[in-house]
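Just the one chain here, the form predicted on its own, laid out as structure tokens.
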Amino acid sequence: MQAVILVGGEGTRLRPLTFGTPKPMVPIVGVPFLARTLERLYEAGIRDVILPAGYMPQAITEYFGDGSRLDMKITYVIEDEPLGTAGAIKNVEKHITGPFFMMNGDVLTSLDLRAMIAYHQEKGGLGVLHLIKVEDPSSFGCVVHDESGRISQFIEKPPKGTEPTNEINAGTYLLDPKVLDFIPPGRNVSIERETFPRILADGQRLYAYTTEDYWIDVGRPEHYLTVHRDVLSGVMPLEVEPGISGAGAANADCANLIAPVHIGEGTMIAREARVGPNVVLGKNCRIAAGAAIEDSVLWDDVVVEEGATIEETIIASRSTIGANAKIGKGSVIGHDARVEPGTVAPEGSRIGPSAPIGAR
């Protein structure tokens, strides 16, 4: 069994974070998101992974190498131009040797991959699609199927109130290699809009695998923060201890740590700071006296100076938040940025290194 993980996107919704880090390498509690996906594959017994990459591929290849460090085999195929979800797997066709998982690179889920394999072996057909139920399916691709699970129709983003089902495509597929015969080579092709409907029109069988597993698209800043709250609370099961956790927790002298908080190795927090709840601090951060951080994720080497206030914010590596600055909810601060002392950044600010916000 193999897996193809789509990691070629530019992550535009996460900018400015993804100006310096490709989306698959954005950390989830200090570990690259792609590494979290590879962990799940390893647990399911899958060791052969193909990565169609396009945007900043060197960051991925340098971190994972050939996969031997993880006891896996990783094959990279670099796209010169975006090929879409189906075009990407057609482009790696020569590396596919049998049934394979296809996974969107921006989905975090607790899906049991072994159970999905067993389901595919039971049903047969050309593939199985993981579905989940949502309250409002109008923003997603709805999938209609019968009681046996056989899919009959795909409806992309139906107008609200017209949805025939609340079951949506969750972005993990287990496919027979014959699916590749339905994908034209050399152009951008969507598997959801073009390939899957073409397979149904040909009379071939695709099956739905609907579960109640945890599922979220981490490609939006607000979802990225939600993921961390869910991991810290245990809603999304990852190997993160409850309460005050992380390699840096033992050295935290802060008198006002409000659980849950995860602290990376080498991070120093002044005793007079206030940190938490729902805060993740990367490695080697420095949090000064009087600073207050809540519901936020800070990557490595972030400096927060005296009296700064941060709430519901993502801060990329090596950035500095000046003394007494106030960062509004929903803000995203890119790599190597400096927010000057006394700054009042409004809610939803996007701050990058090329355009620091000065005092107001």
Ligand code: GDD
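Don't overthink the numbering: it's just position in the shown sequence, from 1. In this text the structure is predicted, and so the values were computed from the model without any measurement. Rigid core: the largest C-alpha set superposing within 1.5 Å between the two forms.
Below: the form predicted in complex with the named molecule, not depicted.
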Would you classify residue 107 as touching the named molecule in the model of the complex, given a 4.5 Å non-hydrogen atom cut-off? yes
Any chance residue 88 has a heavy atom within 4.5 Å of the named molecule in the model of the complex? yes
Going by a heavy atom distance of 4.5 Å, is residue 168 a contact of the named molecule in the model of the complex? yes
Within a 4.5 Å heavy atom cut-off, is residue 13 in contact with the named molecule in the model of the complex? yes
Segment that reaches the named molecule in the model of the complex - one of 176-184, 79-87, 284-292, 263-271, heavy atoms within 4.5 Å: 79-87
Taking 4.5 Å between heavy atoms as the contact cutoff, choose which of 222, 93, 253, 156 touches the named molecule in the model of the complex. 156
Position in contact with the named molecule when the complex is considered in the model of the complex, options 230, 217, 194, 163, heavy atoms within 4.5 Å: 217
Verify the flagged residues 7, 52 and 140 against the named molecule in the model of the complex: is each one within 4.5 Å by a non-hydrogen atom? yes
What residues, if any, in 19-47 have a non-hydrogen atom within 4.5 angstroms of the named molecule in the model of the complex? 23
Please check if residue 139 moves between this form and the one not shown, taking a CA shift of 2 Å or more relative to the superposed core as movement. yes
